[in-house]
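First comes one chain, alone, set out as C-alpha cells in the form predicted on its own.
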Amino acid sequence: MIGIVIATHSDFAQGLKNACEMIAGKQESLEAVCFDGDEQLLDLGERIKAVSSGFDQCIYVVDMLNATPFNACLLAIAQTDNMIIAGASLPLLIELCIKRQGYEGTAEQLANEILESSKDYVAIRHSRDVFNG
C-alpha cells in the first residue's frame, strides 16, 4: 500500500488525519507531521523522512506549495520516486486514502489521478443556486 504523510503548519496535519479517519475509518500507513515554526528545515525534513521510512512508496500531502513543510518533504523525497501534493484538503485526503486501497499503480500515477479529480473539490455556490429563490 502506498503510504501517506501529511505535513503542514501548526496542527492542521493532525486535524486532517483525525477528520479523515472519522469519515473513512482507521487508516494504516497514514502519518501526520506538524510544523510548529521553531524547527529548522533540515530537522523537519529528517523527521518527515523518518516517519515515511517504512513505506515502499509514499505520497506527501502538504498545505502550501513552496512553504517550509513542502521544502522539508522535498528533502525527504530526494533519491526516491515519491511525490508531493500541495493544497491539502479533507476531500483530497479522503479520496487519496480510498483510492490507494488495492491500487496497483505507482505513487506518481495515483498522485496525478488525485490532482486531476481535485478540481471537483472547490466550488462557488450562491444561496439562490441552492434555494432557488
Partner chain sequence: MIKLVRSDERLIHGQCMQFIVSDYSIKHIIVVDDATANNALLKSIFTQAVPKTLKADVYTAEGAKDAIEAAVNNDVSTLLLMKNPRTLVKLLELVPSIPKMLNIGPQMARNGVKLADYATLHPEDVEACKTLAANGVHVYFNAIGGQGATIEWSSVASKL
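Numbering follows the first chain given and starts at 1. Quick caveat, the model's predicted, so the values are computed rather than measured.
From this point on, the text means the form predicted together with the partner chain, which you will not see here.
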Would the partner chain in the model of the complex be within 4.5 angstroms of a non-hydrogen atom of every residue among M64, A67 and N71? yes
Heavy atoms within 4.5 Å of the partner chain in the model of the complex: which stretch in 52-60, 102-110, 85-93, 32-40 meets that? 32-40
Tell me, yes or no, whether L75 is in contact with the partner chain in the model of the complex, where a contact means a heavy atom of each within 4.5 Å. yes
